[in-house]
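Here we start with a single chain on its own, the form predicted on its own, put down as C-alpha cells.
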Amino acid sequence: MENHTTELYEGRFELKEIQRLEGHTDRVWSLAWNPATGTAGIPPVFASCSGDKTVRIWQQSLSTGSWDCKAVLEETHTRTVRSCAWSPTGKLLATASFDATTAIWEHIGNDFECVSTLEGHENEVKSVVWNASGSLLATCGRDKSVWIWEVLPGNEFECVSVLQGHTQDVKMVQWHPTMDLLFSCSYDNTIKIWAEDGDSDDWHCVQTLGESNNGHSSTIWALSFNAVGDKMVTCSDDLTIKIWDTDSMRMQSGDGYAPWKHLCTLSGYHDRTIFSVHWSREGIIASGAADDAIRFFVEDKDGLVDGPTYKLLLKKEKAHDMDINSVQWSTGIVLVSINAFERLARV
C-alpha cells in the first residue's frame, strides 16, 4: 500500500476506462459497492440507481474481468431512485426515492426481495446510509428533515428521531466511519453534525459548519471521510472543495465532543458545480462535477509549513459526456455514474 501510494506521488498515475456499463434508461444518480464482496475470492458487486425508477446489481466475473448486470430491482419505487447503500454485512440494500419512501432489499439466494418500506418523509428522499455497525439507518430529504431509524430483528425499522435543523433541502447524510456521529449537508449551505444525547436517547445538533467558520457559501452536495476518520472532505456549488479535521483521539477517549475545524480550501480547479467527492483508503480524493471531468487530489507532503495542503494529482477531461453525479472508490478502482450509463475506470 505504502509503495503504491509513493508511486502515485511520483507521478506514475493514469486513469483508464475498462468498461462502459449500459442498462439504465435514464440518468444514473448514485452507486454503492457491496462491502462484503471483492475479497477472499468473492467477486466485486455494486448497485446503481437511476431516474428510470430501478436499481441494478452489477457483478464482475473473476475469470474474464468483465462486468454484467445480475439483477434489476424494479416495480417498487414509483419515481427516481436517488441513493442506495449496502448494510455493513452486504446482506441488505437500502434505496431512497423521490416517491418519499426508502426500500430495504434482502439478498435471498439469487434474488433481491423488498422486505421493508420506510415511510415518513413528506416528499423526495435524497440520501440513505447505514452506520458502521449496521444498527442504525439515516435518511434525509427535500422536506428539510433527517430521520434516524433503528434496525430491529425481523427486518423491522423504527424511527427513533426526526431531526429538524436545516432550513432547506438536505442533500446527503453520512455516518462517521468509527463513531455514531451523523453528518448532513444541505441546500442551506451548512453541514450539521448530530450526536445522541446519552441521557435521553434523543439526537441533537452538536456543531454547524457554515460560512461563518470558513464553510461553504452555497449548496453542499456531498462529503466523505478519510480511512482513519479524523479528516473530512466536502464539495459545493460554490466550486470549492474543503478539508476539515478533528481531534479523533480526544473524541474516541470519551473526553467530550471534539469539534471539526476548517483545514484548507481547494479552489480554482472546478468551474462548475462539484457534485461528488470520495476519499480512497489510499488517501486519494476523487471529485466529479458538472464540467464532465474527474479530478484526483493528494496531500502535498512538501507544503507543511502552514499546515497540510492538497495538490492536484490528475485531471481527466471529458471523463463523461455529461455531469458526473457520483464518484466512488473501491480498492484500486473508481466508478463514475452519469446519464444512462456507468463507467469503470482503473487507476
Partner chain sequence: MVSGLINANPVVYEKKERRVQDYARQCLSNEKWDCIDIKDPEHPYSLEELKVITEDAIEVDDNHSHVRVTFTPTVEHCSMATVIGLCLRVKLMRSLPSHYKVDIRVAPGTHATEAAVNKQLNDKERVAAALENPNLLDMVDECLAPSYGNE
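Positions refer to the first chain, counted from 1. What you are looking at is a predicted structure, and each value in this text was computed from that prediction instead of being measured.
Omitted from view is the form predicted together with its partner chain, to which the following refers.
Heavy atoms within 4.5 Å of its partner chain in the predicted complex map, among the stretches 31-39, 286-294, 55-63, 309-317, onto 286-294 alone. The partner is absent here, but in the predicted complex a heavy atom of 275, alone among 275, 105, 149, 183, sits within 4.5 Å of its partner chain. Distance criterion of 4.5 Å from any heavy atom to its partner chain in the predicted complex singles out 82 from the list 270, 82, 166, 77. Each of 98, 219 and 321 is positioned with at least one heavy atom within 4.5 Å of its partner chain in the predicted complex. Contact annotation for residue 124: at least one heavy atom lies within 4.5 Å of its partner chain in the predicted complex. Taking the partner from elsewhere, residue 207 is found to have every heavy atom lying beyond 4.5 Å of its partner chain in the predicted complex.
Within this chain, residue 189 lines the site of its partner chain in the predicted complex, having a heavy atom no more than 4.5 Å away. At a distance threshold of 4.5 angstroms between non-hydrogen atoms, residue 171 is in contact with its partner chain in the predicted complex.
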